[in-house]
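Below you will find one chain, with nothing else, as structure tokens; this is the form predicted on its own, and questions on how it binds or moves follow later.
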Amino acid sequence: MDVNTKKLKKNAFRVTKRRGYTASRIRIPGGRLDAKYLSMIQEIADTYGEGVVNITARQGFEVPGIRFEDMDKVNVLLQPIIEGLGINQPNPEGTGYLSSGTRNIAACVGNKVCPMANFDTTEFAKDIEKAVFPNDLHFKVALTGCPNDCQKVRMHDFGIMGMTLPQFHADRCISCGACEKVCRRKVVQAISMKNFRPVRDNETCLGCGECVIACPNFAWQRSEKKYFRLTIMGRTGKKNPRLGQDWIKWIDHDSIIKIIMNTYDYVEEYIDRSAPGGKEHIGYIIDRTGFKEFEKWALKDVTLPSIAEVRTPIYWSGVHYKKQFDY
């Protein structure tokens, strides 16, 4: 069976090493789904695949062993999963995914499960998913609930790290020093004791919420408004892997989504379509155009919170390979 592999990949099927067979990639925004969808994925794997399911590094599912001629049947079975998970799907029912360019939005378990997390990572992931999908550009976005960074967000194009602006209620404080102790031992010593009262250094504070958890009398509480640390342009790969750098501290939900959408416009303007597979990593585009040009596009019409701190310009290090021999 002749197959247009470019179309196949766009429809979120993978080219595999087994001739005549493919694998279906299933998006799970935020890595969380109702258990009822697992039986639907099992049906696809048992009926058209090899009876196995791979959990991808980006928290999606991949069903291998699907014959090319069965892709349309698999797309029909995918439809209730696509609809149930709220994936944007403006195309006719039963034709599968419109794109696989923007990778599944990955997230840690968030504050529905973890006491350390400062926000609902899954819901934010779904908000980003609705804004960016479908899109053919190769973006990677990940969210983590706190600076512990269980999701390793600094290895993504956009890393979103939950923060809280701790609120201190002096009338509840018993001067035990628990908040100062935990901040000194586990974090960055942003709290000091003065006249037997804790004082927080806003510039040093990571917004982790450790003081909130440690306080025995609820004198520290998480802020009602959610804030985030936005890291940008981390990447793996062969050529020049590097960690993302912190760009904006105390940024809000809406500004992050606007910046991501602005970056799509920036990439459309400057991407080198002659790159292998027609894909050029955003970081390499920034290296080529300069950070200031990226920043101009990314911050267009963005209104940051008054407490936001923007680090500019950004410089990245990373591993650089040099050609040693001519063959």
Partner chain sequence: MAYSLDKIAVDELFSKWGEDYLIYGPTLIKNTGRLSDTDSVRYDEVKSIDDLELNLKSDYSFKDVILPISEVLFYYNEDGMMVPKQKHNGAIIFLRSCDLHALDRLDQMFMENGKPDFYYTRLRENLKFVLIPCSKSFENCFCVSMNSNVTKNYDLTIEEINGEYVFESKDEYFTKFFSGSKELDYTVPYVKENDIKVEHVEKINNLAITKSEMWREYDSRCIACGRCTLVCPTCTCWTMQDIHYGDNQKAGERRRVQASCMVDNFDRVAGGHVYREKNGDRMRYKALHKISDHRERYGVDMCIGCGRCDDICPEYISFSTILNKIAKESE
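All figures in this text were calculated on a predicted structure; none of them were measured in a lab. Numbering follows the first chain given and starts at 1.
Omitted here: the form predicted in complex with the partner chain. The next part is about that form.
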- Contact between Lys249 and the partner chain in the predicted complex at 4.5 Å, heavy atoms? no
- Message: With the partner left out here, check for me: in the predicted complex, does some heavy atom of Val199 sit within 4.5 Å of the partner chain?
- Response: no
- Message: Using a 4.5 angstroms cut-off on non-hydrogen atoms, would Lys186 count as touching the partner chain in the predicted complex?
- Response: no
- Message: Considering non-hydrogen atoms and a 4.5 Å limit, does the partner chain approach Gln151 in the predicted complex?
- Response: no
- Message: To verify the annotation, which of these, Ala190, Ile81, Cys215, Ile128, has a non-hydrogen atom within 4.5 Å of the partner chain in the predicted complex?
- Response: Cys215
- in the predicted complex, the residue from Arg222, Arg235, Arg229, Arg103 with a non-hydrogen atom within 4.5 Å of the partner chain is Arg222
- Query: If we take heavy atoms and a 4.5 Å cut-off, which stretch out of 118-126, 238-246, 70-78, 154-162 is in contact with the partner chain in the predicted complex?
  - Reply: 118-126
- Message: Pick out the residues of 157-195 whose heavy atoms come within 4.5 Å of the partner chain in the predicted complex.
- Response: Asp171, Arg172, Cys173, Ile174, Ser175, Cys176, Asn195
